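We begin with a single chain expressed as structure tokens, specifically the form predicted alone.
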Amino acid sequence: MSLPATLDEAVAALAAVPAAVPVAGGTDLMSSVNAGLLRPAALVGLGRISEIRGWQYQDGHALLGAGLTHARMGRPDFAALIPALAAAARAAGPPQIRNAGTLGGNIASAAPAGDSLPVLAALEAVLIIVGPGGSRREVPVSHLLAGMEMLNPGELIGFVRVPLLHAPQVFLKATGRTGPGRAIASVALVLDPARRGVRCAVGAIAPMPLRPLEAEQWVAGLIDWDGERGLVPEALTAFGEYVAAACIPDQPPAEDGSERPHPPAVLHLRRTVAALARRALGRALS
């Protein structure tokens, strides 16, 4: 295993061995290796690269190092900056996973149940990708998760740029069992008072986080941004149902034109998404 001390050294190591795989916490990678699904030709360890293990301020944004662990993001000082991401980090599993797993690893593995992914989608975060020769390029995180952009050989996710909205943010997830675990559905919701907007992303129910854009626009138009920002319970319920219907649409009618109901499991998931979205918005507005 190569153990570079800087991002440039890591990129050079990957360029030298194109089949090499970068590894930080290894929580996803080693699961694949242990299951026999992956046999890396070589590993490039990122654990010694101090420049990606913290964060800094940049023009109204936080520039987060890809090596930040879930445990570090869950601490109070980070939670004061980006509450929803801190909440997702605290929900990312047992202590051994939170201590090892990293923000960059969560993004690069792109597992549908990755807790940070809907938060980053709702925040419209941007990736700073580092490449050979000191190159840098920016890619919206949603583009990478949707497969619209890919990491080229020799490239690494170096940083994640997140806007500091200074407004309420909420992350909620349902696991289907007691205690921390893999999400069956999750919702990240952030308020953006400067743009009088609501941004919502639903995770775990599809290969990538889903943004119910019409539901966001509809509910943003109901909020008194200059007043108390409260909504009646009926509006919260309607928002939850709007989000669920957008993310889990009705099935197309049968050939004879009759309705085809969802299977019970899908109906349960739809109710779960509606409840999470309703609660998330209610908490944010309260």
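Since we're looking at a predicted model, the values are computed, not measured. So that there is no doubt, residue numbering starts at 1 and follows the sequence shown.
What follows is about the form predicted together with a small molecule, which we do not show.
The chain here is shown without the small molecule. Which stretch in 134 to 142, 148 to 156, 207 to 215, 187 to 195 comes within 4.5 angstroms of it in the model of the complex, by heavy atom distance?
Of the stretches listed, the one contacting the partner is 148 to 156.
Taking heavy atoms and a 4.5 Å cut-off, does A66 contact the small molecule in the model of the complex?
Output for A66 is yes: heavy atoms within 4.5 Å of the small molecule.
My question is simply whether L164 lines the interface with the small molecule in the model of the complex - judged by any non-hydrogen atom within 4.5 Å.
L164 lies outside the contact set for the small molecule.
Wondering, does R75 line up within 4.5 Å of the small molecule in the model of the complex on heavy atoms?
No - in the model of the complex, heavy atoms of R75 and the small molecule never come within 4.5 Å of each other.
Wondering, does L269 line up within 4.5 Å of the small molecule in the model of the complex on heavy atoms?
Taking the distances in the model of the complex, the answer for L269 is no, it never comes within 4.5 Å of the small molecule.
Could you tell me which one of A87, A108, A174, L81 places a heavy atom within 4.5 Å of the small molecule in the model of the complex?
Contact residue from the list: A108.
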